[in-house]
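The data below hold one chain only, encoded as C-alpha cells and taken in the form predicted alone.
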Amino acid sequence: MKIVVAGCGKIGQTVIGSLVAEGHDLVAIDSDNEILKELTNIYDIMVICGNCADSDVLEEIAIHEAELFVALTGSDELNMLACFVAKRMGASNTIARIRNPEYNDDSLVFLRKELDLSMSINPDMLTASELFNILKLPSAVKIEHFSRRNFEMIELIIKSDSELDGVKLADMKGRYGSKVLICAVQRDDNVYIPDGNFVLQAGDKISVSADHTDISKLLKTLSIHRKQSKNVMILGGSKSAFYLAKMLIHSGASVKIIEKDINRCNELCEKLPHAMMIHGNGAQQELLLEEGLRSMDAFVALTGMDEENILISIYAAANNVPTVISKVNTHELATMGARLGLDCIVSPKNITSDIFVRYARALKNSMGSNVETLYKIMDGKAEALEFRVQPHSRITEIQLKDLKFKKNILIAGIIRGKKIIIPGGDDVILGDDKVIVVSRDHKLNDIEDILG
C-alpha cells in the first residue's frame, strides 16, 4: 500500500519505521534535506524535499495513487492544509496531526468534516490519556483498553516479594480464579507467549488480561492494589502536562506543575486555575523537596529532555514516591531507564505510531475481520489486537482446542455483547464476537491469520 508521510521529526520517523516494517511502500516529504538523507540511509523509501502543501510536490510523487496521506509537521495549520490539498488531488485517506488545545472538540469535528479528514491525531492528548490511565490504576506500568474500555490488558512487574514469584501458570486458576489470563511475559530481553507450564520469576514483566473488576480483584489478592493517585507532581509545563492536569483535576486530584519558563507558567495559570503552578527549575533537588515531593502519590516527568526526565524520575523513586512515570522518546534511553529501575516509561512517538499501524492494517484489509484496536506491548516486542469476527469466518463454531494456531499466538479474550470470556480449550468463537489476540513475530491483518 502506498503511504505518504509529510513531516519527518521524531514522531514522523517512528511512524515511517513502523509502516516500513509492515511492508508498505513509503514516500517521505520534509523541508530538511539532511533528515531525508538520514532516512534513506536507514530505509528503502522514496523521499522528496519540499513543502508538503505544494501541489507541484504532491503531483511529483503521484499523490493520486496514495491510499494514505499523513501530515505530521510541527504546524497544525500546515498539516490541515496539506491534507486538504492531498485529498483534492486524489489521496484516498488523510490524517493530520493537530496539537493545539485551542482546536477544541467542536471545532475539530467541523474541521474534519470540511477538510474531509479521515482522522485527526493529537500525540500530546494521547500521551496524557495513557498517563491518566496509569495514575488511575498505579499498580500497573501500562494499561490498554479494548472494546470501548470493557476489557483491559495491564502490564505488571513481579517484585522479589511477590506471591507470583515461582508460580506455574497452570496453577493460577486454583489460586486466583479463572477470570484472568497472563498472556505475555518479558524476561530480560526475551518475550514469551506462555503456556500452562511456564513458571513466573521475580523481575518478569507480565501482561494480564481481564475485565476491570477482575483485574482489581487480582491486584487486591496479591496485595499490590493501590488507590488512584490523588496528589500528583508534574515536571514540565508541556502540552501533555496541560492535558494530563485537566484530566486529573476533573477527577478530583490535586495537581502541582513545576515549569522554569515564566511565560509558560503564566499561560498555564490562566488555563488551569485549579492547578498549583511553581516557577522554578525542577532539576534542583531542593526545590522538589520544598514543594513536597515526598508527600506525593505520583511524580510525572514531562520535560522535553529524555535525560532530565530519567534522572529526576530516579531521584523521585529514591525518595519513595509510590508512582513515578517518565516520558522518554528515545528507545536507547528508555531501555537504559528501565535498567536503572524505572518501571513506568511512556513514549509519545510509540503511542502515535501504534495508531497508524492499526489504521493501515484496517485499510489493507477492508473486507473480513478487521483490526479494530492494536497495541504494541512488552516494549514493542509483541502485539495485542482486537478483531471483529465475521459470521462466515473459518474460525467460528470450532472449539479452540481443535483449531491449529501459528506459534506464538494466544487468544487472550472473547467479548460477546457485554459478556467477557477468558477462553479455555472448550470455548468457541462466534460471528460478531470481538476477539483479543496476543501475537509475537507475526503481522496479523485478519483474525484468520492466526491459523497455522
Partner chain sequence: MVTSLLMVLPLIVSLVYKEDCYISFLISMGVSLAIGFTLMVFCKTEDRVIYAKEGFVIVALSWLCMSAVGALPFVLSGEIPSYIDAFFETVSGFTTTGASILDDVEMLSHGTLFWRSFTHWVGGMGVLVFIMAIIPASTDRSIHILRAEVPGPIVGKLVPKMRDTAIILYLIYIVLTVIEIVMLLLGGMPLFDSLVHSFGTAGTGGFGIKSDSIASYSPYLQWVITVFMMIFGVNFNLYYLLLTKKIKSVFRSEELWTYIGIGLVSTAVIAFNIRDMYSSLSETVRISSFQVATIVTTTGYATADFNLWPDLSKTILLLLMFIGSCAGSTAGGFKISRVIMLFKMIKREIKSLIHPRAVGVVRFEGKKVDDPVLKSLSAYFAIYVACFIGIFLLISFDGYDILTNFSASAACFNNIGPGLGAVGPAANYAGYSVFSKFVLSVAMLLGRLEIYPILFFMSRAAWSKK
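Computed from a predicted structure; not experimentally measured. Residue numbers count along the first chain shown, from 1.
Here the subject shifts to the form predicted in complex with the partner chain, a form of this protein not shown in this document.
Go through A53, A66, V27, I415 and name the one with a heavy atom inside 4.5 Å of the partner chain in the model of the complex.
-> For this set of options, the contacting one is V27.
Does the trio N263, M276 and G292 actually contact the partner chain in the model of the complex, every residue with a heavy atom within 4.5 Å?
-> Contact check failed for every one of N263, M276 and G292.
Report the stretch among 423 to 431, 382 to 390, 54 to 62, 395 to 403 that approaches the partner chain in the model of the complex to within 4.5 Å, counting heavy atoms only.
-> Stretch 54 to 62 is the one.
Quick one: does N408 come within 4.5 Å of the partner chain in the model of the complex, counting heavy atoms only?
-> N408: no contact with the partner chain in the model of the complex.
If you check in the model of the complex, is M46 within 4.5 Å of the partner chain, heavy atoms only?
-> Judged by the heavy-atom cut-off of 4.5 Å, M46 is in contact with the partner chain in the model of the complex.
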